[in-house]
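Starting off, we have a lone chain in the form predicted on its own, written out as structure tokens.
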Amino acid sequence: MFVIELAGVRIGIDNRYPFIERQCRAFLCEGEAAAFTVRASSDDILEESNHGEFSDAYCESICLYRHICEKIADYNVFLMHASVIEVDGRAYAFCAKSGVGKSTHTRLWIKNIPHARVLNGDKPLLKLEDDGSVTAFGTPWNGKENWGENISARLAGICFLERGVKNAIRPADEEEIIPRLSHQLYLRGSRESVNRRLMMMDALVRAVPYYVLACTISDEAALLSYRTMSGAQE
């Protein structure tokens, strides 16, 4: 067993396999005090292993993060499936359907935007702050590219990516934000936990600006999204 800190919350990990401790090495904490502890049962691991040809150690890691996301909602923290890039203290989140090009767009930001770095490439945590703002936090679960750091930044905007024949960005229409956003949030677990995360999603809708970017695989696409999203915060 060991302790990590995610989004300012200390979490005990009661693990079976050493893989997860190696995965979490940048988030390890000293001491045994934790807000809560998670463990993956044999049934959890078996069920997860039925979803693909993965090792039990990897399946344990997935199960543990799932349990973390269900419990950490009590601390106004929730998971969003997105790639989050930090630039000069601000975080920009990109969401897309599989295959649209979220990872490609992230690479283009890193290539073209000075000081840009990946906070988390796949499964960051978001925290609702008392002042109504949202902070994005890196986690050890950061996608197949393994992009991310143990850093945090205030969320400055969320952009939904679409494929396009030319680059164009617009503010998201109010009625389309929730349907698009709900596909990117983890909404499994107990009814109480899911309801709490739905309430946090409602707060997230009001907390930051939203955009829809129809994009090509080009430097121009990254520069357009950065200039638009960062300019809205000036």
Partner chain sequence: MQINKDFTIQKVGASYVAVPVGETSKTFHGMVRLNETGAFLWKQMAGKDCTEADLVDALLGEYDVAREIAERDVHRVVEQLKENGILV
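Just so it is clear, the model here is predicted, and its values are computed rather than measured. Residue numbers count along the first chain shown, from 1.
Although not depicted, the form predicted in complex with the partner chain is the subject of the following passage.
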Q: Indicate whether Glu30 is a 4.5 Å heavy atom neighbour of the partner chain in the predicted bound form.
A: no
Q) Applying a 4.5 Å heavy atom distance criterion, does Arg188 contact the partner chain in the predicted bound form? A) yes
(Q) Whether Ala26 contacts the partner chain in the predicted bound form should be assessed with a 4.5 Å heavy atom distance threshold; does it? (A) no
Q) Does at least one non-hydrogen atom of Pro171 fall within 4.5 angstroms of the partner chain in the predicted bound form? A) no
Q. Would Asp74, Glu129 and Val134 all count as contacting the partner chain in the predicted bound form, using a 4.5 Å heavy atom cut-off?
A. no
(Q) To test your reading of this chain, name the stretch in 33-41, 56-64, 192-200, 161-169 whose heavy atoms come within 4.5 Å of the partner chain in the predicted bound form. (A) 192-200
Q | Residues of 158-180 having any heavy atom within 4.5 Å of the partner chain in the predicted bound form, listed in sequence order | A | Glu174, Glu175, Ile178, Pro179
